[in-house]
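This document starts with one chain, in the form predicted alone, laid out as structure tokens.
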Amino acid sequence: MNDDARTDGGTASETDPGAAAGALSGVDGYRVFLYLGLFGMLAFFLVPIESGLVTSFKTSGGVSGSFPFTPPTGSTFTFGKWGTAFDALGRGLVNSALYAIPATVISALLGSFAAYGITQSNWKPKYKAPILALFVAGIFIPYQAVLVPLAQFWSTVPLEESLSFLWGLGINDDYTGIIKLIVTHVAYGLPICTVLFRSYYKNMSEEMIEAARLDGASIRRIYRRIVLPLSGPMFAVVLIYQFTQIWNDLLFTLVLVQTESSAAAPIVLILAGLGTSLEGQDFALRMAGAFIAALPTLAVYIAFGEEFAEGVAT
């Protein structure tokens, strides 16, 4: 009888409207609102990506005969667009890597050197402040403001004549554009790299640096043995940021390389004309090309993701 009574009582309490209302009143409304907002933002960012991805696997007829968000089915599904896009962009992938990787590494190293000199050296503050102000000012110079001076500068530099020995080896002289892009991106990326490293080095233990100085370590030895090994997280942040900016840049490419028919044309320049013809736009081909162009930056994020999160947190 007692067991039956407890069972009946439990069943009654589970179906009691008052008990259900009490359970609902215990739900955190703020948390529900937060998760709904996060889900909405996630959908906002992922839906366009999903649309582009499914479009890249459709035939031209499938694109025009279906909604953008619907996946391809049957005869409208094809891998051909990806193969065509890779064949068209293969040369650009190599060219982009030829200048994006060196420019990223060099600007990160120089930014680290400069930030170390500004924060950890024995300069007087009255010298450090103006130099730091110059780096900060360099961040706010827009790309568009330097395009004309940039073109005029490189037109006066006899780079083709200086590298004539390379052209004698059979290398296309269009590749001077790659060298121009490396130097330009290093110069333009140095201010932001320096400021990022400075914020990281300002939080570094001063006692550790001072102890190394008391032991007789030089400024170069301190950087090589202490500062550089501890700079991994910020190097990840700078490398990801710089590589993404350089890889996706189109303005400097248009000024220094100019045409997609150039042997040194990077992927962004070739991608701009991919899928365009007198018959119209091949949206599936353009979407496939866009995803191929994005793969290197995605690989960089995956490779340095953990260090990037640590660097941003500090």
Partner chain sequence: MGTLELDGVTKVFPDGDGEVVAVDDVDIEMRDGEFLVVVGPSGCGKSTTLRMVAGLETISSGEIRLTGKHINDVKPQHRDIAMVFQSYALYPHMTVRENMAFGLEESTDLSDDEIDERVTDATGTMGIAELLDRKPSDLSGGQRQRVALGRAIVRDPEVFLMDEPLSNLDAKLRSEMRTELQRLQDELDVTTMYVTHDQTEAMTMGDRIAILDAGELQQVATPLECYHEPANRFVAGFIGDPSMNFFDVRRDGDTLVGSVFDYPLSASTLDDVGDVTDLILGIRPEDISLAGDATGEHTFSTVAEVVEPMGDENTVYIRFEDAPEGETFIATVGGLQQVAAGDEITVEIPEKTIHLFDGTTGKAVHNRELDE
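Positions refer to the first chain, counted from 1. From a predicted model like this one, the values you see are computed outputs, not experimental measurements.
From this point on, the text means the form predicted in complex with the partner chain, which you will not see here.
The closest heavy atom approach of E160 to the partner chain in the predicted bound form falls outside 4.5 Å.
Though the partner is left out of this view, S218 does reach within 4.5 Å of the partner chain in the predicted bound form, counting heavy atoms only.
Contact check for D87: every heavy atom lies farther than 4.5 Å from the partner chain in the predicted bound form. Although the partner is absent here, R213 is a contact residue: one of its heavy atoms lies within 4.5 angstroms of the partner chain in the predicted bound form.
Using a 4.5 angstroms heavy atom cutoff to the partner chain in the predicted bound form, none of V94, A97 and P102 count as contacting. In the predicted bound form, R221, R225, I226, P229, L230 are the residues of 219-249 with at least one heavy atom within 4.5 Å of the partner chain, listed from first to last.
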